[in-house]
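Here you get one chain, nothing else, as structure tokens; it is the form predicted alone.
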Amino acid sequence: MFDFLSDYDDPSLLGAFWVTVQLTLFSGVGSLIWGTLLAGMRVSPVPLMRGFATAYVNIVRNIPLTVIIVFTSLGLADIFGVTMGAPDNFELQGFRLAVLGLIAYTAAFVCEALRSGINTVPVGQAEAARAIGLNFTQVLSLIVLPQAFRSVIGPLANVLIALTKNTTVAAAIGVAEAALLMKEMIENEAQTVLIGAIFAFGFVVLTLPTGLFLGWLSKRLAVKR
């Protein structure tokens, strides 16, 4: 029943999921940084920054992720010659371009989650901080964002889980993650349901503990008002 696994040794199966984990980690960190900057721009007193962040979020959120990922490969790499520091290593180049596309897409959702957290911080706290001489950047980084992050751990956990599943789109540009290996195994074997169940279980193993831990952390660090 499990003969099809003999063609795909454990390192290949585990290696594919390890690529998925790496995509999630790098993209998660990058989207958190870029999303935080976008959230700061969305509440900025500078109209140009607010306009840019608003346009970015509204446009990117409404573009399918597959289009963004394919654009990073066909647009940035093939047309504009962006090699991401790996001109001769197409596998590494594809991986980095996939991370770039995932960051660009996921950051829009991180931004909106953080902005909702910023809106929960009482306006009086920001006004009091400005009254003692703090500028906008100081108010945002020292007063507002620490409280905002604590209040949106749950929504950010949902974004991270969605990101883990979205990494499967990287298979569209040939990144050797779990979905690409599953596709190859299904093409070569007749055990479609079993193969699908194995990979589905793999993603449950990746996402369920993350959701449970971040859900517990959200309750633990919830802001008492």
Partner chain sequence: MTSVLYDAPGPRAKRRNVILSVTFFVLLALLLWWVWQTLDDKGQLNWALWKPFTESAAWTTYLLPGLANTLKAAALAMIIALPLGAFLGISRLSDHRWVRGPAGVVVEFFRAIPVLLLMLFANEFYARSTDISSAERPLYAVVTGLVLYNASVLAEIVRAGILALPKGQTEAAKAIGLRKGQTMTFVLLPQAVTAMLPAIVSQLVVIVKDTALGGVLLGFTELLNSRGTLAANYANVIPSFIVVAIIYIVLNFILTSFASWLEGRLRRSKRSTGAVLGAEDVEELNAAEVGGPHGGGAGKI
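In this text, all values refer to a predicted model and were calculated from it rather than measured experimentally. Residue numbers count along the first chain shown, from 1.
Just so it is clear, the following notes concern the form predicted in complex with the partner chain, a form of the same protein that is not shown.
Contact with the partner chain in the predicted bound form for residue 95, defined as at least one heavy atom pair within 4.5 Å: yes or no? No - in the predicted bound form, heavy atoms of residue 95 and the partner chain never come within 4.5 Å of each other.
Distance check, residue 128 to the partner chain in the predicted bound form, heavy atom within 4.5 Å: It does not: once the partner chain is placed as it appears in the predicted bound form, residue 128 has no heavy atom within 4.5 Å of it.
If you check in the predicted bound form, is residue 207 within 4.5 Å of the partner chain, heavy atoms only? Yes - in the predicted bound form, heavy atoms of residue 207 and the partner chain come within 4.5 Å of each other.
How about residue 149 - does it come within 4.5 Å of the partner chain in the predicted bound form, if we only consider non-hydrogen atoms? It does not: once the partner chain is placed as it appears in the predicted bound form, residue 149 has no heavy atom within 4.5 Å of it.
Sequence order please: the residues of 38-70 with a heavy atom within 4.5 Å of the partner chain in the predicted bound form. In sequence order, 41, 43, 44, 45, 46, 48, 49, 50, 52, 59, 61, 62, 63, 64, 66, 67, 70 come within 4.5 Å of the partner.
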